[in-house]
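First, one chain by itself in structure tokens, the form predicted on its own.
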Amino acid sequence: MILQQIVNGISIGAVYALIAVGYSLVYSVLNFSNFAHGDVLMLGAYIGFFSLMLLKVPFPLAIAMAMVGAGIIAMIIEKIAYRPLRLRRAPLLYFMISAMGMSIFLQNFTIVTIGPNFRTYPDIFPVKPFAVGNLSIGRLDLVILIATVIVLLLLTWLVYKTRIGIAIQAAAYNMRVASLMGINPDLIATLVFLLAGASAGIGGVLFGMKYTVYPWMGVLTIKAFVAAVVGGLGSLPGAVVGAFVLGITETFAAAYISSAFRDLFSYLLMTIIIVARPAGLMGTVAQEKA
């Protein structure tokens, strides 16, 4: 049933959206792809898991702890791996290398300290889905969608409707000019990584609840990258649209062709978008952004 596959795709796209928004937010300000973002998501998922299993905290508090913990980790990464390069005005290639190095370090550090085993979240919500006519909507899927909408609305309000958000937009447009206008670039970069890390933290918990938690789940960053490219790198609304388009595309590919081809269709979609519209569905070309 086509409508059922759309519902399933929206559920997957909601998780992608949480990751892609943080990914796109960092790109909009610092103009590079933060490939360590997925590993922040992975650590957020572990924080939420151990908060529930070891500390026995309520689920909302576990979500909050994952967001705060992932946000702090993201800020530390920015300060250690990226800020020295930014202060030296290093080429963007160096940022990419540093991001990949940080990603490898976090994965291996997690394997050494926590272990490589897959871990499953406890059943927080009833497994029995809602039935709406012929549609079957999982309770967890509904929670994921609601949580995603709330987080995205709050993030959109913060970025587009507050003084802090205006400063972020100014830095995204031109960091050097923004600094001349009294905006602290270090503070903006720290804040952007905090917001990106927090969104990755809640995304990690929701992804871990839907599937499992493991040290390599950071590879999900690739899907976030595809979603951000499809929607338009640097555009928050574009990242959301691209995430849902990607989720629905993958679901249809898995349902009507083969699950082995879902990634193939993801990258094919990205290629088509890049060729037809290099800036993405809602992005702007680099000349307009500079």
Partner chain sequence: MSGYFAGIVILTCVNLLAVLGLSLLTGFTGSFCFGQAGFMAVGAYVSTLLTMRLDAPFPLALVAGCFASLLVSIPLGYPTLRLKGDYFAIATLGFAEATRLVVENLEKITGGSRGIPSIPTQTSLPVILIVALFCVWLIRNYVSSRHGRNCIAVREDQLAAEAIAVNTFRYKQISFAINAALAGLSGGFLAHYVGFIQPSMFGIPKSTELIAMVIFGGMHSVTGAVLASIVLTALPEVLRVASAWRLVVYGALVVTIMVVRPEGLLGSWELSWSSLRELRSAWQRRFQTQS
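Being a predicted model, the structure only gives us computed values, none of them experimental. Positions refer to the first chain, counted from 1.
Another form exists, predicted in complex with its partner chain; not displayed. Remarks below refer to it.
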Just to be sure I understand the contacts: of Ala81, Ile188, Leu155, Ala178, which is the one whose heavy atoms reach within 4.5 angstroms of its partner chain in the predicted bound form?
Ala81
Heavy atom within 4.5 Å of its partner chain in the predicted bound form: which of Leu61, Ile257, Ile222, Leu55 fits that? Just give me the one.
Ile222
Spell out, yes or no, whether the shortest heavy atom distance between Pro126 and its partner chain in the predicted bound form is within 4.5 Å.
no
is_contact(Leu43, its partner chain) in the predicted bound form, heavy atom dist at most 4.5 Å
no
For Tyr173, is any heavy atom within 4.5 Å of its partner chain in the predicted bound form, or not?
no
At the 4.5 Å heavy atom threshold, is Val240 in contact with its partner chain in the predicted bound form?
no
Pick from 85-93, 200-208, 161-169, 178-186: which stretch has a heavy atom within 4.5 Å of its partner chain in the predicted bound form?
85-93
For this chain shown on its own, do Ala17, Ile76 and Met282 all sit within 4.5 Å of its partner chain in the predicted bound form, going by heavy atoms?
no
Using a 4.5 Å cut-off on heavy atoms, what residues in 13-39 are near its partner chain in the predicted bound form?
Tyr27, Asn31, Phe32, Ser33, Phe35
